[in-house]
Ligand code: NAP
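Take a look at this one chain, the form predicted on its own, written out in structure tokens.
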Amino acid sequence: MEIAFLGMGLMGAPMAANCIKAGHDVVVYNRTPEKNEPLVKLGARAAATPAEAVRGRRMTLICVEASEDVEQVIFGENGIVHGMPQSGEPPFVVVDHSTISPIATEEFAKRLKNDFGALYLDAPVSGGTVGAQQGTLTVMCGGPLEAFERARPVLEAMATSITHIGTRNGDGQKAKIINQVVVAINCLATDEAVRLGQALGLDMDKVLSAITKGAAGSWSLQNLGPRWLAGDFEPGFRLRHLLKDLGYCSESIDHLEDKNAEYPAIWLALGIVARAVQAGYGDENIHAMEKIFE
């Protein structure tokens, strides 16, 4: 397929690379042009603006940091709406792999549909940089079934788990919020368990080996526990990005009809992550949240 891919960050670059390796014709764009170079070597063509990237294409994929970045890439001065076809069949499809606000997602989808006749698929991913590199991501999609089916051949180049959560735009982002809640709470539990085990004088390599095979087992325990012990906090998923995502979770809770619902574990994790980012650990991997207690 002929696609544009916008955003060559830690996730976007390997995702775009897997699209190229799968045989798709890819035009790439990044605010920092140098980050396009490895993709050009793989066979992509680089564009100077999002508008240029989508000219002559019927689909673009986006992987940037926050809601305001997505809005700028789509509707900004050099955004895709100034380069994409606004008539003809099939309609242009925007696939957003960023993790952003479900509320903003609904607004972007309406603007694209009503003003430009384009379809929007929110398709946030989970699996970190390793999953992006290996093409084993999990994708959670929200939006029209037509957009999902059109995007599926490209998604299959990057992911091994692809789920159409619902036909409403925002459903994918809401599912990603749930994912991030579990990630944050599991990470907090893993870090705290390792610290407590060390304080009790246990050989935590042996403890982790034992409990990951039991009821306590989780991705966080298996992958982040050993990294904590090794002092390895190189970012695969930055702590400040988790804080952003938990902020979208808080925003969504504020919009619930039931104002009396309680989510104590979410607020606990959000508070600790916020403290850790404020303490200067925002660009380290998410399990650096517990450094504030060392």
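Since the model is a prediction, treat every value here as computed from it, not as a measurement. One-based numbering along the sequence shown.
Below: the form predicted in complex with this ligand, not depicted.
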- Message: Taking this ligand as it sits in the model of the complex, is A22 in contact with it (heavy atom to heavy atom, 4.5 Å or less)?
- Response: no
- Query: Heavy atom to heavy atom, is L10 within 4.5 Å of this ligand in the model of the complex?
  - Reply: yes
- Message: Check C63 for me: does it contact this ligand in the model of the complex (non-hydrogen atoms, 4.5 angstroms)?
- Response: yes
- Message: I'd like to know whether T129 contacts this ligand in the model of the complex, with contact meaning heavy atoms within 4.5 angstroms.
- Response: yes
- Task: Report whether all of R31, D69 and V125 sit within 4.5 Å of this ligand in the model of the complex, measuring from non-hydrogen atoms.
- Result: yes
- Checked R240, R45, R55, R227 for heavy atoms within 4.5 Å of this ligand in the model of the complex; positive is R240
- Task: Check each of V73, L121, C187, M158 and return the one that places a heavy atom within 4.5 angstroms of this ligand in the model of the complex.
- Result: V73
- Hey, of 77-85, 143-151, 93-101, 203-211, which bit sits against this ligand in the model of the complex at 4.5 Å between non-hydrogen atoms? 93-101
